[in-house]
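One chain comes next, on its own, written out as structure tokens in the form predicted on its own.
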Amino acid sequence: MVILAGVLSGTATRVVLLRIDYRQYPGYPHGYLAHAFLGFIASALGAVAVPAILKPDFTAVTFLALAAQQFREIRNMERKTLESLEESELVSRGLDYIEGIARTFEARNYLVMGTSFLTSLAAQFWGLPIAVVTAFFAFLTSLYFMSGEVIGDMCTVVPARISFDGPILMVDEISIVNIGLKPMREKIIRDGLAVKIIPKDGNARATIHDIGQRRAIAFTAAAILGTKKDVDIPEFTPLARKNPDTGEVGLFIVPMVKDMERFIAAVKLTPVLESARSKPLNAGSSIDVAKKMDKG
């Protein structure tokens, strides 16, 4: 019963965390099946660890180290899979976004293992009712760790005006790209949408300065609204460019669904990538501490 409780709670947590979203991965049904089964293995390892430690059979606990190595291989597998899919994407995710997704899949298995371990521990010492409560709170904790910071938390997103300065596409005062063909310029004016992403502080400014973060924003918008870009229409590629003077970012897209509210919501929903997250404002306090130490 102890092991069963842990396995059930861990597997259920993995199934709930495994859902297709705007990132369009994993695909159905093979991606679901592979990750659900790996979640079952992770939960089984976490549940078995409790009776193994109490026996004590410390040799069995070494399987946890093997599991950690296996989960790192899962990250490599996800990275290679997404990199191969990247070649056929009209609007690419970018390598930074791919690395973030791969790390997330690895981390979820650790959360599953932790959930099953705590549930089994509670069932072993306090019985099934306490184990159910423990599983519930462990599940909420897993959801919390999987809901990271998004662009809407650190930036203000407002509608912007599309115009042309000669052949140069402008989003308000931000230069985006050179569009040479007049019919394309007319269609972009007619069907395009644009927003300006305004950082709330220096940390946000440094984060959206990252090219990988800006590509992730463009991909998210294209995934949710669709895009009229095709292989032979590079002019419709969603692009995010920065105003070098203010750090604000202009983003334009020619969507299948022309809906400004949904466009703004999509930009706000974009996750902040681990590789892009930067906090230069915190350096000030660190420098002050270092100066005080030097004086001391």
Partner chain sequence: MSTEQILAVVTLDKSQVYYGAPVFLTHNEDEQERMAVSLSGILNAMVHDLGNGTYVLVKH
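Small disclaimer: the values here were computed from a predicted structure and weren't measured. Positions refer to the first chain, counted from 1.
FYI, the form predicted together with the partner chain isn't displayed, but the following is about it.
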item: Contact residue in the predicted bound form, chosen from 85, 77, 177, 162 - any heavy atom within 4.5 Å of the partner chain; value: 177
item: Partner-contacting position among 72, 190, 200, 182 - heavy atom within 4.5 Å of the partner chain in the predicted bound form; value: 182
item: In the predicted bound form, segment of 257 to 265, 43 to 51, 243 to 251, 227 to 235 with a heavy atom within 4.5 Å of the partner chain; value: 227 to 235
item: Contact flag, residue 167 vs the partner chain in the predicted bound form, heavy atom cut 4.5 Å; value: yes
